[in-house]
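First comes one chain, alone, set out as structure tokens in the form predicted alone.
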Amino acid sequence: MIIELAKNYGFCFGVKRAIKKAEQIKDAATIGPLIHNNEEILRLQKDFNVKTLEDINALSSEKKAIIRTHGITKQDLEKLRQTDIEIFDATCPFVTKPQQICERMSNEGYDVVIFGDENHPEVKGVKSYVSTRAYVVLDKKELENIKLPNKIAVVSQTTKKPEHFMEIVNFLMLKVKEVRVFNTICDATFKNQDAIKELSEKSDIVIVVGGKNSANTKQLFLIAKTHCKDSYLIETEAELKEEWFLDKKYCGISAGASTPDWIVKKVIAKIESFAD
């Protein structure tokens, strides 16, 4: 069986930056999971004493706090700055960008449409920077019964598909007098999604490795499943089943932006052992 890795996969710039920061700081607490990968978070805890707190209210005797890659709300950041805790900001720059856009646009009188999942920590953080009205939607249909103002700014969760973002934009262009559009989808997302599409079209089995609570990993899995029905999303090699690979000739592998290479290597080794 041929095993091929996607041309682009795994750790993105923001995650690499956050991991390096956590390893250098040591003995710190992250506000929420640093990244969406449980195995890597456990490694940071074991090797660098970096613990994960549920939220800002869980802080007690900590001396150092790391803001996760997805960011935190503006209100929580202000609370954190009022404490004596040393703050290290690991918010991905691609997440900081829509935060800044939302703050600027709402200060200029624009209401803001955010294309994304309202319950995702990144979106919660971005929304908190809007001082006018914010509409968080996953589909243009959610805007159909809303009386929209004359001025709208539009941003996207960094891991969403561009074509779905454009559906929201096109809808607003026909309904609203002035629309300011900001493409805040991460470039790494484009590349990883294009790569998994290309790979899954020629594979008869695809394994996507990553946290099941990771938005970008789930997007990769959905794309793979569209082009290869035998696609599976796993967090570790322990979830692999030998029967998945019976009579398979071409196995494609990709990984989410929070998935470290050491996990991908274990997955490849386990798949190779099935062929022994």
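Given the structure is predicted, the values throughout are model-derived calculations rather than measurements. The first residue of the sequence shown is number 1, and the count goes up from there.
Same protein, other form: the form predicted in complex with a further copy of the same chain, not shown, and the subject of what follows.
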>> Against a further copy of the same chain in the predicted complex, would P162 count as a contact residue? Criterion: heavy atoms within 4.5 Å.
In response: yes
> Does a further copy of the same chain come within 4.5 Å of any heavy atom of L143 in the predicted complex?
Replying inline: no
> Should K197 be classed as touching a further copy of the same chain in the predicted complex when contacts are defined as heavy atoms within 4.5 Å?
Replying inline: no
>> Residue-level contact is defined here as any heavy atom of the residue lying within 4.5 Å of a further copy of the same chain in the predicted complex; does V179 satisfy this criterion?
In response: yes
> Given that a further copy of the same chain is left out here, which of L80, V169, L148, V137 has a heavy atom within 4.5 Å of it in the predicted complex?
Replying inline: V169
> Ok, Q75, Q100, N183, N107: which has a heavy atom sitting within 4.5 Å of a further copy of the same chain in the predicted complex?
Replying inline: N183
>> I need the one stretch from 171 to 179, 121 to 129, 200 to 208, 83 to 91 whose residues put non-hydrogen atoms within 4.5 angstroms of a further copy of the same chain in the predicted complex.
In response: 171 to 179
> So which bits of 216 to 231 sit within 4.5 Å of a further copy of the same chain in the predicted complex, heavy atoms only?
Replying inline: none
